[in-house]
Ligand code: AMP
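Just one chain is shown here, as structure tokens, and it is the form predicted on its own.
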Amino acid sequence: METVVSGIRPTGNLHLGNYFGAVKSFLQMQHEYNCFFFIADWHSLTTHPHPDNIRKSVKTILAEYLACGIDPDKATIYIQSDVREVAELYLYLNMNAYLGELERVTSFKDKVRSQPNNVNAGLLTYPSLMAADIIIHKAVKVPVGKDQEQNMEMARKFARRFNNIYGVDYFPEPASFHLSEKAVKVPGLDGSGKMGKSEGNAIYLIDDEKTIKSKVMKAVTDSGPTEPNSEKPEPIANLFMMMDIVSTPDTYNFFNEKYNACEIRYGDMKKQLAEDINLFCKPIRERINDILADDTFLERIAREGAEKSAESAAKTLREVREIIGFRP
């Protein structure tokens, strides 16, 4: 069975865009591949989070992915910092990474512009840590967004360079497969094309009914169509796209017909959409809260995930140390 690795950065709660994008893909992959899903808490250190925030975020993300259906009996889910072997492989890869190529990475240049007072070495060597996360399990596939393709090319380069330097055929070159080709793109309700944390337009899986309704009722609309069967502008198309995702076909068709007949009442549509989003989120929200309340269960899942991932990583490190020339 082919091995897949994917990282989950602990930067806030999961929203509907995450669920219909990465999470649904993960739920399918766990039945088809040997999956390693990790919570990338080392990566988060580039923004200097407070220790309490790290602990809370890791716990929350672990609970949310379990509540969504990641099965620890089928996929290995673990916390990055629990597998110390990753840090050692990161060190070895950095010894063969060159300053010029790291400085040319687009995501690094973007960070330099956006946070000039915090241009740290972790930002510069992000690609080598990402590569270590992947190749330590000898992954052959990595589900990523297209914005990560340059970092994936760096991971392939580092794997290839290790093999060339030491004259071995040890690390496979991991292939990307893009979530966007299979995932549903969930729109923002502020009129933008994508739901996201940074855009401030996200509906989170843990949001309660009142919060969901408040967010949906603020969704951007217009004065309504003036000609039958007219094309929907982006903010309205976003509302209908969201309804297509969470509502029944009959509900969608009802409001679509009202729009085409120039009889749409956006207030009624928003109320229905809020109800349907809440119906979708409610069972997940309840599972998240139940899991968050069970520290013993979460600790057990994290410990078992660490043990399974460390077993895989330790085997790789023993062989890497031997290849490099270190004593066992």
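Residue numbers here begin at 1 and follow the sequence given. The model shown is predicted, which means the values in this text are computed figures rather than measured ones. We call the rigid core the largest set of C-alpha positions that still match within 1.5 Å between the two forms.
Just so you know, the form predicted together with this ligand exists too; it's not on screen, but the next bit is about it.
With the partner left out here, this ligand still marks one of 158-166, 254-262, 144-152, 206-214 in the model of the complex; by a 4.5 Å heavy atom cut-off that stretch is 144-152.
Contact check for L317: no non-hydrogen atom falls within 4.5 Å of this ligand in the model of the complex.
Although the partner is absent from this view, N18 contacts this ligand in the model of the complex, with a non-hydrogen atom inside 4.5 angstroms. This ligand in the model of the complex comes within 4.5 Å of a heavy atom belonging to I8. Contact between A310 and this ligand in the model of the complex is not found at the 4.5 Å heavy atom cutoff. For the three marked residues, V58, I77 and I301, no heavy atom of any sits within 4.5 Å of this ligand in the model of the complex. Checking K197, R84, K218, R104 against this ligand in the model of the complex, a heavy atom within 4.5 Å turns up for just one residue: K197.
Checking I136, V186, L239, L129 for any heavy atom within 4.5 Å of this ligand in the model of the complex turns up a single hit: V186. If you fit the rigid core between the shown form and the other one, you'll see the Cα of L317 move by less than 2 angstroms. Superposition on the rigid core between the shown form and the other one places the CA atom of Y204 2 Å or more away from its counterpart. With the core held fixed, A22 shows a CA shift of 2 Å or greater between the shown form and the other one.
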